[in-house]
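What follows is one chain in structure tokens, specifically the form predicted on its own.
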């Protein structure tokens, strides 16, 4: 039972990232009808927003410390972060420590701007083009973003730690009533799952209960009729593209302590996220979220040592095998709508 619970937790952790990225993909496809292969790159850019803010907060200058001397007795020069000058040492240390959560405030406007510029500057010219053209141009854009990140940040992963308060592990076994010491799980992974659940809930609430969201949902169902009512649906869809980019960016920001950011991390998640979208059903937000968590849990169980001893490498292909089975039995996916991607 302890092993099962541990794998469920691992699956929810990975499934949270799948669900967030897949939800952004579905928002873009559902509103604009664009198959956006650059969405994984937005996940990567979000992660490097956290890296950037962390570097900004740790910028330092040299000062002479009279309390410390070298072997000749001369005062040492030490690096002091500018954050100490601005906020004091105690507050500066706290801000530097909490760089990743604070990056949310930095990443949201940056990702919205990037999303709007992408949609207005490039993607709007491909609305009426075949999906193959959309895939090619957005995949090319993803490669460009990847190479830009590689140029400025290098090819090596950049460790970006979680705040010290969440850097340790907790005894989930004792918390759930099992024997102590049997289920030890990193706290930040639990934080990531809770964060993903909050973001997903906020997006659904925004679409369901706000006037803006209701108009967007109406436009997704019948764009021409909404336009005939005098509503500038294109402007609202552009904003939704920015929101979808922000969701992907937030997923990347909070994932940095779990996997050190690197320039190809977007591609690592992109293909799997598209599989999640297809399994959930093209254009279905609930389907994308459900499939994300479902495939994350299945992948976690396929990674058990007992399973890999019998079927080595199964964890690398299990998502694709499940996708094949689901699409053979339900061609539209778990919650797909009739007529979407069927022309």
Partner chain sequence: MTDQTEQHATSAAPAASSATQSSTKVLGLGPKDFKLMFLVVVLTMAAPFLLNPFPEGSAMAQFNAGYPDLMQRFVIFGIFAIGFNILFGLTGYLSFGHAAFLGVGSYAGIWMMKLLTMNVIPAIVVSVAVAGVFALIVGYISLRRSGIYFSILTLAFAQMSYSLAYSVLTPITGGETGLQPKVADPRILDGALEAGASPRANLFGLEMGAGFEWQVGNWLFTFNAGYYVAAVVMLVAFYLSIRIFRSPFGMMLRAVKSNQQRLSYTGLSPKPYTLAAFVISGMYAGLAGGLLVAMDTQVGAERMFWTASGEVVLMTILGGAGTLIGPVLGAGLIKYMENILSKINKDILHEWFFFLPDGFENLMVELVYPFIGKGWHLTLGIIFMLVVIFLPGGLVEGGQKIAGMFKRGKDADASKTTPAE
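These figures come from a predicted structure and were not determined experimentally. Numbering follows the first chain given and starts at 1.
We do not show the form predicted together with the partner chain, though everything after this point is about it.
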Just to confirm, residue 293 within 4.5 Å of the partner chain in the model of the complex by heavy atoms? no
Is the gap between residue 58 and the partner chain in the model of the complex 4.5 Å or less for some heavy atom pair? no
Report whether the minimum heavy atom distance between residue 275 and the partner chain in the model of the complex is within 4.5 Å. yes
Residue 313 within 4.5 Å of the partner chain in the model of the complex, heavy atoms: yes
Just give me the single entry in 84, 237, 139, 195 that has a non-hydrogen atom within 4.5 angstroms of the partner chain in the model of the complex. 139
Could you tell me if all three of 122, 144 and 331 have a heavy atom no more than 4.5 Å from the partner chain in the model of the complex? yes
Pick the stretch from 46 to 54, 59 to 67, 285 to 293, 314 to 322 whose residues have a heavy atom within 4.5 Å of the partner chain in the model of the complex. 314 to 322
